[in-house]
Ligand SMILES: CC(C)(COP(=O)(O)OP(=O)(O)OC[C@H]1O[C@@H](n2cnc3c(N)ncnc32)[C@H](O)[C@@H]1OP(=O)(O)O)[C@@H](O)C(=O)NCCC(=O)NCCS
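The chain that follows stands alone, in the form predicted on its own, written as structure tokens.
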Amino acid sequence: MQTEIKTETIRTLRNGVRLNFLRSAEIPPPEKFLSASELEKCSGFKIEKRKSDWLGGRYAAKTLLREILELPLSLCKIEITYDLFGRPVWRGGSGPHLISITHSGPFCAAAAKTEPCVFLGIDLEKAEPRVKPWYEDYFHKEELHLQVTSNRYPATIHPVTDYRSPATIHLATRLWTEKEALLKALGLGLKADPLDIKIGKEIQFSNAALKRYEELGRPEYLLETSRLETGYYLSAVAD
């Protein structure tokens, strides 16, 4: 399902995911929301962009958790760690509460659910032109098909031939965020091949993605994709 959403604050998606979306430049100084160990990690970043993205993600996640779980804690006391699969998690309360974080350009976002879950991932990406090898390396040919409609003929499906067309750019960006969200939910990220996920009428896992999905107990999940007014796509998946 694809919907139009605005860049505001916390909202609830159709699959029950609570999402906090903000600009990295809007966050307060690190000492206002990081724990002592997180401040130490923050000081180790050498690249300013990576530091800004990390800070934005942490602030989005902590403010989200405090609001949706109604935590009577300062942000500095909400410390985010990682689970066995490398996924962000908060271990307080009735948790652990799985978190997913994404950032792209000036934006960052965090997602969580009010109840504990085992499968959660989000990804944010701007729709923009990319080189042809990107399409060839990360997508199955069957994924890159466009639906063409007209007033005179039934809808028809055509394979992508022009990688520079706006329709192709938006299709591939949507697919990429969906694959990334699923890989994050699996705790794999880009350590797995994006081709291990095939998106069509049904989503098919193979190789490392299938192995991890089975390790997690093959949870039922719902994948939702939103097109933001800023030219970005955001996908969220949760059980």
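Residue indices: 1-based, along the sequence shown. Computed from a prediction, not measured in an experiment: that's the story for all the values here.
Note that the form predicted together with this ligand isn't included here; everything after this is about it.
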property: Segment assignment from 110 to 118, 78 to 86, 165 to 173, 131 to 139: heavy atom within 4.5 Å of this ligand in the predicted bound form; result: 78 to 86
property: Contact at Ile101, Asp123 and Leu190 by this ligand in the predicted bound form, all three, heavy atom at most 4.5 Å; result: yes
property: Contact of Tyr213 with this ligand in the predicted bound form (heavy atom, 4.5 Å); result: no
property: Heavy atom of Trp54 within 4.5 Å of this ligand in the predicted bound form; result: yes
property: 4.5 Å heavy atom contact, Lys184 and this ligand in the predicted bound form; result: yes
property: Any non-hydrogen atom of Arg58 within 4.5 angstroms of this ligand in the predicted bound form; result: yes
property: Sequence-ordered residues of 32 to 53 touching this ligand in the predicted bound form, heavy atom within 4.5 Å; result: Arg50
